[in-house]
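Okay, here we've got a single chain as structure tokens, the form predicted alone, with questions on binding and movement later.
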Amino acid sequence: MQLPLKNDLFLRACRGEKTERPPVWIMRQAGRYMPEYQEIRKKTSFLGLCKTPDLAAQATMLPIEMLGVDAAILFSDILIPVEAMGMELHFSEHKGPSFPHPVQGRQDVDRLLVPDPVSHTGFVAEAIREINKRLAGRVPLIGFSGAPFTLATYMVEGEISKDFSRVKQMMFSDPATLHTLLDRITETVIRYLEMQIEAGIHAYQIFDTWAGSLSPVHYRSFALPYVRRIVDSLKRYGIPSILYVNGSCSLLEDMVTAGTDVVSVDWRMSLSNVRERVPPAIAIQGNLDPVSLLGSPEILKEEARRVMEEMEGRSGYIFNLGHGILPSTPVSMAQYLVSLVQKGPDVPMPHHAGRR
């Protein structure tokens, strides 16, 4: 039984309702830029943090306590369900995630599981229940998953890629195998998000971070249909859905057809252009450049004002960054940004824009 929400601005905006101000949350809002996160992180590995419900709940709560954002997002990683599919996953502080045995052909795909989410990733559901206890209805909790194409890029490339040559080589040389892989990932993601919804999330975001590497024609074949299948499968739960694509400019009209309630866009196009291309029934989230938080408070104030002015008068708008917050961001600047959105331009600036 979920408690009534004291602040439902975010959910109202997701539904396209007019709100008294834009709700604000920040992608990667519980992360390495916070000294308090680093203290939690000292207790275990990154994967250990994701898999320990109490610690994941602590990390999730940090931006609620320190920034006062209008929504919490589950602390986890998009590759958790991929590991559960049977792939060995490593995390390095400097290189990020890697799979030492990437998917190279049909035999590798055939070995992958569609795992039972509770037995393989039940710690995520436990974390959600613990977070909701700590939130006590203060703000909604967002769950998430990576989108099938984005997860496939990690599985085929073996690590973060600049050119996505391996996954695209499979796309151009053996599309049937890539579609089989995407199909198996899609079934895994549906079950994984069902578990999150049943555990108590109020909305979910699908991160198709690397779909921007695709041309529109290949996006329509190798990314969009699988996201659409996830959204269609979860509609019966009646909670808001968000689709984020980094590099979304050429894909925006196609993103709209995925069926999510919200499209979340990066900083590479103006929101005034986005609102012309997105039907009024679909909410918009974004899209401040994360690097603007590394500059001066005066310029951050101007950038935030510009973004909000571009969306002035449109119902269904959620303020966010166009990508995740950067590890070198001063906490004071993140706090200032949230205050600018919530209270307006007259809030006091941070005394300095130093590291802390």
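Everything numeric here is computed off the predicted structure, so don't read it as measured data. In this text, residue numbers run from 1 along the sequence as written.
We do not show the form predicted together with coproporphyrinogen III, though everything after this point is about it.
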### Query
Do K43 and coproporphyrinogen III come within 4.5 Å of each other in the predicted complex, heavy atoms counted?
no
### Message
When the contact criterion is heavy atoms within 4.5 Å, does L252 count as touching coproporphyrinogen III in the predicted complex?
### Response
no
### Message
If we define contact as a non-hydrogen atom of the residue within 4.5 angstroms of the partner, is E93 a contact of coproporphyrinogen III in the predicted complex?
### Response
yes
### Message
Does any part of A304 reach within 4.5 Å of coproporphyrinogen III in the predicted complex? Heavy atoms only, please.
### Response
no
### Query
Heavy atom within 4.5 Å of coproporphyrinogen III in the predicted complex: which of Q29, Q58, N287, T329?
Q29
### Task
Could you tell me which one of L178, L224, I73, L193 places a heavy atom within 4.5 Å of coproporphyrinogen III in the predicted complex?
I73
### Query
Which one of these stretches, 111-119, 152-160, 229-237, 195-203, sits within 4.5 Å of coproporphyrinogen III in the predicted complex when only heavy atoms are counted?
152-160
### Task
For the stretch 199-219, return the residues whose heavy atoms include at least one within 4.5 Å of coproporphyrinogen III in the predicted complex, in the order they occur.
F207, T209, W210
